[in-house]
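Just one chain is shown here, as structure tokens, and it is the form predicted on its own.
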């Protein structure tokens, strides 16, 4: 096979697919990128057997064919090449010669037959979403995914297609983020799946703000097609916990907060939160919210914000990192903090269909 392509296009194509490549693999073929050259251009594919990604780039194809080359090594070579046309020629033994300007490289590849094919989807459920909606949903939930591998079903985002809406949920047992996206689909298409973290991370890299994304749900696999790139992934098997039970009932108090102001104040005060208790205390009194942290051997920090609060004096403590996460992800200027009492979860809401439930910490 032989093709020529601009350095920028080739590097861009490799950057889209190379993150899937596992650094710790026992199968050498999984460290490689599959290159397929035909009349439509050059297609690049990588997989780690759980997640696979495939994207096409424009290239001048002189001789059609396919091979696999070490993905990260190829990317690091292309990154350092001069900005010019790159000519790649592969012989029958899968040895690739790469020429660009005065540079010449030879890399040993493996035959394409060894490369595991991406799954085919037949009789699957299909959904079309706006890229901007999915991007927004991922941004508002992904930070709450659990990293605890013993609670495997929580290592991803729940996508629940029910009642003409897509509900996306992520939780680690101490907090929960939920977003609703309105979407029309037939009753027969209703389905609930758990999309694993690695796929979520790749999806966040791919989705933009314009155009649609096609989502295909199979038996135990999911595929996303966006801007000519295909991302496929195994699903997490198991039942997601009943998240509706965690959402508290009617709030006693609702406090309206300026998101930026509140976020920055919590961030500053948290600099003196102890590693052991790792909490900041919110102290509410009429017209005022004081954010405080103290660590016996280090010191203390306090900051006050004027708020429209008319309820009784009370205080509640939260993990500062968990309190800041949704504030960083939300675009809104104003957020609402709904509270019941010291021991009940706090809920952050905005004007759009989003909520974030946060368990309080014991105040010693």
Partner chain sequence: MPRVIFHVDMDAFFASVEQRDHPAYRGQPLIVGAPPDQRGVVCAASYEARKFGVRSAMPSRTAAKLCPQGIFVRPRMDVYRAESAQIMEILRAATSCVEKVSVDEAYLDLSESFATFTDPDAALVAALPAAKEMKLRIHAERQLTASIGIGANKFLAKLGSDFQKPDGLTLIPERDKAAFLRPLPVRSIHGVGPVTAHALEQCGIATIADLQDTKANLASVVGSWAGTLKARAFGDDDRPVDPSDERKSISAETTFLKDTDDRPTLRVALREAADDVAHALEKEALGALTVQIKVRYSDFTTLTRQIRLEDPLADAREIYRMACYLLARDRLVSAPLRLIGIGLATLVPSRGPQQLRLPL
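Remember, it's a predicted structure, so these values are computed and weren't measured experimentally. Positions refer to the first chain, counted from 1.
Omitted here: the form predicted in complex with its partner chain. The next part is about that form.
Asker: Check each of 209, 102, 150, 239 and return the one that places a heavy atom within 4.5 angstroms of its partner chain in the predicted complex.
Answerer: That would be 150.
Asker: Using a 4.5 Å cut on heavy atoms, which of 243, 161, 115, 284 is close to its partner chain in the predicted complex?
Answerer: It is 243.
Asker: Is it the case that 189, 191 and 224 all touch its partner chain in the predicted complex, with a non-hydrogen atom of each within 4.5 angstroms?
Answerer: No: none of 189, 191 and 224 comes within 4.5 Å of its partner chain in the predicted complex.
Asker: How about residue 171: is it within 4.5 Å of its partner chain in the predicted complex, going by heavy atoms?
Answerer: Yes, residue 171 sits close enough to its partner chain in the predicted complex that at least one of its heavy atoms falls within 4.5 Å.
Asker: Indicate whether its partner chain has at least one heavy atom within 4.5 Å of a heavy atom of residue 140 in the predicted complex.
Answerer: Answer no; every heavy atom of residue 140 is more than 4.5 Å from its partner chain in the predicted complex.
Asker: Spell out, yes or no, whether the shortest heavy atom distance between residue 322 and its partner chain in the predicted complex is within 4.5 Å.
Answerer: Close contact exists here: in the predicted complex, residue 322 approaches its partner chain to within 4.5 Å, heavy atoms only.
Asker: Residue-level question: is residue 277 within 4.5 Å of its partner chain in the predicted complex, judged on heavy atoms?
Answerer: Output for residue 277 is yes: heavy atoms within 4.5 Å of its partner chain.
Asker: Counting only heavy atoms and a 4.5 Å cutoff, which of 140-148, 68-76, 91-99, 119-127 contacts its partner chain in the predicted complex?
Answerer: Looking at the partner contacts, the answer comes out as 140-148.
Asker: Just to make sure I understand: among 331-354, which residues lie within 4.5 Å of its partner chain in the predicted complex, judging by heavy atoms?
Answerer: The stretch touches the partner through 343 alone.
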